[in-house]
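One chain comes next, on its own, written as structure tokens: the form predicted alone.
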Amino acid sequence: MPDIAPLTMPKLGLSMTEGQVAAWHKADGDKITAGEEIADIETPKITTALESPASGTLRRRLVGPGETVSVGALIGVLADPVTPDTEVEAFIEEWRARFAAEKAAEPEAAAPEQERVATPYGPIQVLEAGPAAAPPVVLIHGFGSDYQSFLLLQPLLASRLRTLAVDLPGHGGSTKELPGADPASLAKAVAAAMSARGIQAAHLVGHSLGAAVALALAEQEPARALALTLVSPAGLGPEINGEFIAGFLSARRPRALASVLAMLFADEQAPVGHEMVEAVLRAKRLDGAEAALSAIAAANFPEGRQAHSLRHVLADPARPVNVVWGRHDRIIPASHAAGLPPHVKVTIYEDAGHVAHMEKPDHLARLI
């Protein structure tokens, strides 16, 4: 039955075991194109669109809105419109039986856990996943975030690569004592965390402020940065949305923070999950967190402008570099990607905002 393709519950995080179909955007009988968004998948931490892995006709939706199923479970079936219903039904029954047998036989795997590693700059929280002997990728988040911003991207990379997601000082579970608030100082803490995990060199993936930190690390210790992927990077131009920075720092209630976080996405009406909002509020309430974030904002984004330019770091043609931007970035304009050296590969996602690693994780994983 080669003309039948399964739609399954995706794994949207290293610890995810089940997910909910929040909504279907297509009905039975609709024609589907590969890559088209066909449903919304919801977990306690995030809601994201499910893109079709193939083209065809949506013959059966097997999981209704609001239903929760295990990762890998069959939620729908694509097939050619001339494929008989009997073949579609046989495919569904065979898939379900095989999935049930595999679930019963597989050992219960322990979810990866975050760890605080000791460095000269204080404890740095990391989450490592993927084969220990595989090429390493280090993930560096943006201002006000933490390693969980790579919730969707890290599992995709960890299937083939050794991944290390790092909480910058002042953020998440890392020390709130800053080694300094500029990218160069924060880069020293990232390098120390890499050394603590036995990683001397890696492909650095940085988002926003984390991209500026990756550039600073590449400048300080060129041998550390084998390649760079910079997502909506700070450090390539002076403009930044000062209202976002100020709003993030001042927001202390869920509704106010949700409206600020919505600026990160291409869709201005993007629903920001309750769990995401509460997680950010909890992180901001940790002892020393607000003072550290204010110091970082003042050092990097004074008066709504970027204080540090790191474009010169991209001049080395020997280092592979991806620069990725969402066309609808409302925090740092995609125009900063203009005029970069010719060896820098620039990718603009027309339907993404400031967080392409959350909005386009599959595409970004393939690019990396």
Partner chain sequence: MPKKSFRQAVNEALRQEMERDPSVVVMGEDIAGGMGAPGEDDAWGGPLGVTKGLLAQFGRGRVLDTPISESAFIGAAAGAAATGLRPVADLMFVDFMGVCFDQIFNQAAKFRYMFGGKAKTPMVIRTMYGAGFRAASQHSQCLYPVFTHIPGLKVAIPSSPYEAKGLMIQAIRDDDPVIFFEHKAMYDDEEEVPDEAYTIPFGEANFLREGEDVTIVAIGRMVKFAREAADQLAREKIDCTVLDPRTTSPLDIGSILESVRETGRLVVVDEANPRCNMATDISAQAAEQAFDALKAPIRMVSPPHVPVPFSPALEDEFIPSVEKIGAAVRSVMAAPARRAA
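Residue numbers count along the first chain shown, from 1. Note that the coordinates shown come from a computational prediction; the quantities given were computed from them, not determined experimentally.
This protein has a second form, the form predicted together with its partner chain, left out of what is shown; the following refers to that one.
Among the candidate stretches 286-294, 77-85, 129-137, 194-202, which one is within 4.5 Å of its partner chain in the predicted complex when only heavy atoms are counted? Contact criterion met by 286-294 only.
Thinking of 114, 173 and 278 as one candidate spot, does its partner chain come within 4.5 Å of a heavy atom in every one of them in the predicted complex? Yes, the whole candidate spot contacts its partner chain.
Wondering, does residue 252 line up within 4.5 Å of its partner chain in the predicted complex on heavy atoms? Residue 252 belongs to the contact set for its partner chain.
Is residue 103 a contact residue for its partner chain in the predicted complex, using a 4.5 Å heavy atom cut-off? Output for residue 103 is no: heavy atoms all beyond 4.5 Å of its partner chain.
If you check in the predicted complex, is residue 274 within 4.5 Å of its partner chain, heavy atoms only? Residue 274: contacts its partner chain in the predicted complex.
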